[in-house]
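Encoded as structure tokens, the following chain is the form predicted on its own, with no partner shown.
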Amino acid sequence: MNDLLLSAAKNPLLKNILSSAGVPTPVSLKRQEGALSATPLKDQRLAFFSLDQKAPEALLAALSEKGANVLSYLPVSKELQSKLVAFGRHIARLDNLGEADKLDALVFDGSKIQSVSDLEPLYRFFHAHLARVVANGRIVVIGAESVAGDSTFARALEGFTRSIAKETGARGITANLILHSGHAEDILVGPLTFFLSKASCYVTGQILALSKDAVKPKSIPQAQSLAGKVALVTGAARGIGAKIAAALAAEGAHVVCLDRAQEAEALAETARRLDAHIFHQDLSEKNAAEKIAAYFKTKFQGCDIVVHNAGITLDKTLKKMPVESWQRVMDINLRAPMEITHRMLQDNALKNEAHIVCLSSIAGIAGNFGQTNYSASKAALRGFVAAMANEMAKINGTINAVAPGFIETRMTESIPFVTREVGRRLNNLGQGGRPEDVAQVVSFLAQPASFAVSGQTLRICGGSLLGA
């Protein structure tokens, strides 16, 4: 869909006219195209700071191996520098930067913050370097949740990160916080790489909590991360579902595209492009979960990835909403994901280290006029993934939700112009997202590298001001 302000931003004359009139033009976002390579941070100039005077060398090495040119104040061992030289990298001194030098990303490790005075380096680091960050840059803050239950400083980092996301969003810069309970580089590398990559371009102002008890997979491929995996995507015929199926296929997954028989033509076209399997199924049927579980157990000896994308809207104010509209939205949006998940677990149709992703919505966080049924169903999915995390842990698996905000789809095309423009601008980045932005986040949550992320809901909303 054509965004007039984004188009104007590409024309210097129009951009200057709008700027003179006090109308800000959003920055065109740099998006991930196709599968992630083994070096998704290639040539990214990244400044790293940690309160831990002993450099977290495993993390620095991992960032370098992902392609980043790391700069740090921390002393780095000769052993690590020698290791990095082998693949053409080294860690430079951050204090050697010139006044005009730019940075692509800032990473602040505040895991060791234990007092109010420990927060001052947070200020000093960002005060010194924030202006250096280029358009479409990345900011990631790392913090620790206290095992003793004192979350004072984790909450300080949360408030700081959300605020920085708002201050920098106009330049297409994202800022996110990763929280852990027990500093382990193994669990940090995947989420940190994702937040620093182009794949997270529409995710900002978010907090991702990692589980210290997660079991590391036997293998975390550096490229083609889903090679050999079997994935189910419901509602895959078109729109966001089709983009999710494409993103999983690009990473090497064997995708099964599921949709209603009424969508047969569109489903066949999606499956043809991806060399995917087709499964016709109306999820409102009572035996749908049983049939799906049996299919995967018989044909593939189990499923590695399940994406509960299928959903419907039947909007009316509650006073005018017929009970049939309430029931059908609940059946498709909530009952089906719950029953399919439970049945696949019960019938051992989910393989060890399986990943499940549910499509929630910003409406399930902020609510929406005329959508009591839809908002209730999407909010319930957030609770469902939190409740099921322990069950999935029994098979070393994960379950998470994503909550898209204003995404440019066929549905948004029918929204009145003024309402659509307001929806686009009510976020830090000042623009709507695209279906592929949702697909990239789902792909991350389906990958082995996200093994420590479970029970979480990650918003894909450009830092929406609604429900913030």
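Numbering starts at 1 and runs along the sequence shown. Being a predicted model, the structure only gives us computed values, none of them experimental.
What comes next is about the form predicted in complex with ligand NAD, which does not appear here.
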* Contact assignment for ligand NAD in the model of the complex, among G205, G311, G143, P191, heavy atom within 4.5 Å -> G311
* **Sole residue of R343, K297, R89, R260 within 4.5 Å of ligand NAD in the model of the complex, by heavy atom** => R260
* To do: Look at the stretches 165-173, 279-287, 224-232, 344-352 and give the one with heavy atoms within 4.5 Å of ligand NAD in the model of the complex.
  => 279-287
* Asked: Any of the heavy atoms of A237 lying within 4.5 Å of ligand NAD in the model of the complex?
  -> yes
* Asked: Would C201 count as touching ligand NAD in the model of the complex under a 4.5 Å heavy atom rule?
  -> no
* To do: Consider R328 of the chain shown here, and say whether it contacts ligand NAD in the model of the complex, taking contact as heavy atoms within 4.5 Å.
  => yes
* Asked: Quick one: is V385 in contact with ligand NAD in the model of the complex, heavy atoms, 4.5 Å cut-off?
  -> no
* Asked: So which residues in 356-374, when you check ligand NAD in the model of the complex, have a heavy atom no farther than 4.5 Å from it?
  -> L359, S360, S361, Y374
